[in-house]
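Only one chain is included here, represented as structure tokens and corresponding to the form predicted alone.
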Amino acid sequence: MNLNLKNKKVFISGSTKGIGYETARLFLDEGALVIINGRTKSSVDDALSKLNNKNASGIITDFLDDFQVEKLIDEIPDDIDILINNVGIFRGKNFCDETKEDWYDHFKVNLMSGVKLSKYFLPKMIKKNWGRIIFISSECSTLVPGDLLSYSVSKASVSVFSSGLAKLTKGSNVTVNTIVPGSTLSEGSKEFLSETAKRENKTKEEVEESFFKDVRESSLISRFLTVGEVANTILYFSSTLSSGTNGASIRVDGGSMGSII
């Protein structure tokens, strides 16, 4: 299937590892021109080295730093075709232990990064009458674990903002959609499995089985999603083939959210 992504210009925030990195890799395989992003020079350099593609470049930005975000917007080419708002942070804490800084930081990175980038790029996409803006939310936006309240609320706000932003594209060939992944085997999840296995004297497979039996029992696939399963979905909804979908939340959750829509 030809996704018609060759020479499309793509920016992916938070893309030196995990879902963002795999999405960048797949875009490059399709012939797109991809700008990746990470918090440090070493993370960006390492990712570019692994990608090993002349169509890949990188920009260093910590989205907790307003000055760096302004600098990023100045550095990104104006003619970006596809914006993937992927950057995110999470801090697992009991609600009583969460500080106001935890709440501010979750919203600053998880929501406001996409707000700022969309505010800059959406008018340009409307003017040229083509573009894709994709937000990455989380199953936690509806499952809402008790130890991830500020994270979950920030991810729910991403879905709400994306839905409203899509209404501003009416009558154009620009679309705005949200991808909602379930528990995904990112670097953080791999670390969780390894540390828990070591602490409980179990195999990683046993820890994963317990997680989906006791914590994420609503999952129908009863396993972690691969980053590729999520990235493939992002790629499709960034393509010309997805022109009939706008203002939607697309679940890649393995059935964990339990909704019919």
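The first residue of the sequence shown is number 1, and the count goes up from there. What you see is a predicted model, and the numbers here were worked out from it, not measured in a lab.
Here the subject shifts to the form predicted in complex with a small molecule, a form of this protein not shown in this document.
**Q** Just give me the single entry in S172, S118, S186, S159 that has a non-hydrogen atom within 4.5 angstroms of the small molecule in the predicted complex.
**A** It is S186.
**Q** Can you check 118-126, 159-167, 175-183, 75-83 and let me know which stretch has heavy atoms within 4.5 Å of the small molecule in the predicted complex?
**A** Selected stretch: 175-183.
**Q** Does the small molecule get within 4.5 angstroms of any non-hydrogen atom of I134 in the predicted complex?
**A** I134: no, not in contact with the small molecule in the predicted complex.
**Q** In the predicted complex, does S219 have a heavy atom within 4.5 Å of the small molecule?
**A** It does not: once the small molecule is placed as it appears in the predicted complex, S219 has no heavy atom within 4.5 Å of it.
**Q** State yes or no: in the predicted complex, is some non-hydrogen atom of N55 no more than 4.5 angstroms from a non-hydrogen atom of the small molecule?
**A** No, N55 is distant from the partner.
**Q** Just to confirm, G18 within 4.5 Å of the small molecule in the predicted complex by heavy atoms?
**A** Result yes; G18 sits at the interface with the small molecule in the predicted complex.
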